[in-house]
Each structure stands twice: as structure tokens, then as C-alpha cells.
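Just the one chain here, laid out as C-alpha cells, in the form predicted alone.
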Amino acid sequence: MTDMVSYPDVVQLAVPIFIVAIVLELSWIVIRQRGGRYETRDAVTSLIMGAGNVASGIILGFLAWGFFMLLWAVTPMDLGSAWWVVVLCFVLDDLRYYWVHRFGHRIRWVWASHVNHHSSQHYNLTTALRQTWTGTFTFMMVVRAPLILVGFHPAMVLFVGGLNLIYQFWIHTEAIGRMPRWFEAVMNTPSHHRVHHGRNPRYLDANYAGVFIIWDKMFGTFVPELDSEKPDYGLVRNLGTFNPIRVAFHEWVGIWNDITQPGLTMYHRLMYAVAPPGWSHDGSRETSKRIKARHLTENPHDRGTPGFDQAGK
């Protein structure tokens, strides 16, 4: 087994590039008067969330690393560290990211960690830095287990995960319209990811890809950005605050308040944690599926159009 494998911390190395890119985007918006919008309090909140994500990684990162090394110790597989192994690991880890991201929108326990990334009502490069502080508590690290068990070293898995995160930084912008058609067909782009951040009924639960948009096309979750419908960014119910503490923990508090309601069955309490966001035992709230259904009732002409073409199936 290859235990002494190391890779650079590419996310840390990319921080200066992130800063330069943010300055350039802001300058472009100010000079050209188009391509997005910045709000100081919103951008500062995103930066604080990014710093908190780094801090939580430093404090709690040993848990995931320890789990991964335990798996590495028991697996008989070792694919080595050749360049093609790294490339294969990158592609498979992006597939892993797709499913973790999809779980993050369909399982409330995971959404409680991911929701902060969608809490900004603006869409610019600082939004990419609005990352979770509580990812460890979702236990989504287990989705990386198959990669390690088939022979990818944990250090390699984390390395390609960092590359994935870096790629996703540049797609958080309105300053770039659409890329060449061949690129849009295969890769995740600003246009595709703007859809993912939209709270429009048409754009809910779409475009979970990290790097390769082909996963969404394979699994039926791809929705194109329409020129006729600009994404409305944020949450279905926006927070109305720039307090990073509330941004980071509000959904966890919501889960606790829901599962501790008096008079609920154990099934109801469990569902408040694992059902899709918006689920309620009495039907008083709306999941994304119900929001889409209500939209179609009010706008029947949208049935069969992108974002609603799977409605009722």
C-alpha cells in the first residue's frame, strides 16, 4: 500500500487568484454598469462564511481524514498515483460531488449545511466563497468511501476535490454570458450554474454538477438558462439578514424546532430531518415539487417546457 502520498493544498494556493478575480469582476461591473451587482454587506457575509469554512476544516478536518485513512488501511486495492489515475479520480469524484450536491437539496439534514451557499440574493464571485461551516455533521464524507475502497489514495481524493472546488469558483458570475456551444454541452458554466442558484419554480432542483454538466443530462436534472426568464437568486424564503451566525445555523435551528414540536409521531420527527426541504407533517409548507405543481396550475402554458418537462412523471 502507498501510504506516503502528498499533494499541494490547491485551494489555499488559489486564494490570491480568487481575490484578484473578485477585484476584476467588481471593476468590470462598476465600469461597464452590467454583469451583476455587489452589495457590501452581502459580500462581507460571504467572505466571513468562507473564512469560517476554512476554520471548520482546520478544527474538524481530522474526522474525515481519520475515516478515510481507516478505509485505506483495510482496502486491498491501490491504483497508485500515475497521472491517468489522478484524472480518473477527478472524473469519478465529480460524479460523487453531483450526488452529494443532489442529496444536499433533497435531504433536509444535508440541506441544513448547504443552504447557506444559496442564501445570497446576489450572484457574483464572492457567492462562491459562501461555504458551509457544518459539512462534517452531514456525514456526506461516506459518499467518498467507494473511491478509497477501490484504490484511490485519500490524499488524491482530497486533492481532486480541491480542484473541483476551484473550478466552481469562476462559474459564480453574471459577467460571463454563455460559453461556446461545445463547452456548454459538456462542462458546467456560469449560465448553467445561474440556473442552479435561481429560486424561480422552473429552476428549482436543477444543475447539480460541479465540473461536468453531463451528469445532470444523464440523470434528468438539467435545465437550461432561458433568455426569457432571468434567475431570481436566493432562497424560496429569503433570510433577510447578513448575520453570518444565523446564515450558518438557521436551518439546523429550524430542524430542531420542528422535531421537538409536541404531539408528533416518531415518523414525523424523522421526516422533518430527512425529507426534502419544505416537507411538513400537516402539509402547511411547500416542497420544490409542490411549488412547481402550483406554478403549473397557475401557468398551464409552461407545462412541457424546460424545468417543467418532467412534471407529473
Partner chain sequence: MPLIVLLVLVVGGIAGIAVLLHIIGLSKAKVFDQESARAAWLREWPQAPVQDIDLSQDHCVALIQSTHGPGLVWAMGADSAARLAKAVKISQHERGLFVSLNSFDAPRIKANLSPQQVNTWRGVLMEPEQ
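Numbering follows the first chain given and starts at 1. This one's a predicted model, so the numbers in the text were calculated from it and none came from an experiment.
The same protein has a further form, the form predicted together with its partner chain, not shown here; the description that follows concerns it.
Colleague: Just to confirm the contact call: exactly one of 258-266, 271-279, 61-69, 241-249 touches its partner chain in the model of the complex at a 4.5 Å heavy atom cutoff, so which is it?
Modeller: Flagged stretch: 241-249.
Colleague: Using 4.5 Å between non-hydrogen atoms, is Ile214 touching its partner chain in the model of the complex?
Modeller: Taking the distances in the model of the complex, the answer for Ile214 is no, it never comes within 4.5 Å of its partner chain.
Colleague: Determine whether any heavy atom of Gln121 comes within 4.5 Å of a heavy atom of its partner chain in the model of the complex, and answer yes or no.
Modeller: Contact check for Gln121: yes, within 4.5 Å of its partner chain in the model of the complex.
Colleague: Do Ile22 and its partner chain come within 4.5 Å of each other in the model of the complex, heavy atoms counted?
Modeller: Because a heavy atom of Ile22 falls inside 4.5 Å of its partner chain in the model of the complex, the answer is yes.
Colleague: How about Arg144: is it within 4.5 Å of its partner chain in the model of the complex, going by heavy atoms?
Modeller: Because no heavy atom of Arg144 falls inside 4.5 Å of its partner chain in the model of the complex, the answer is no.
Colleague: Thinking of Tyr97, Ile148 and Gln168 as the candidate spot, does its partner chain come within 4.5 Å of a heavy atom on all of them in the model of the complex?
Modeller: Zero of three within 4.5 Å in the model of the complex.
Colleague: Can you tell me which residues in 24-40 come within 4.5 angstroms of its partner chain in the model of the complex, by heavy atoms?
Modeller: Counting only heavy atoms within 4.5 Å of its partner chain in the model of the complex, the contacting residues of 24-40 are Leu26, Val30, Arg37, Tyr38, Glu39, Thr40.
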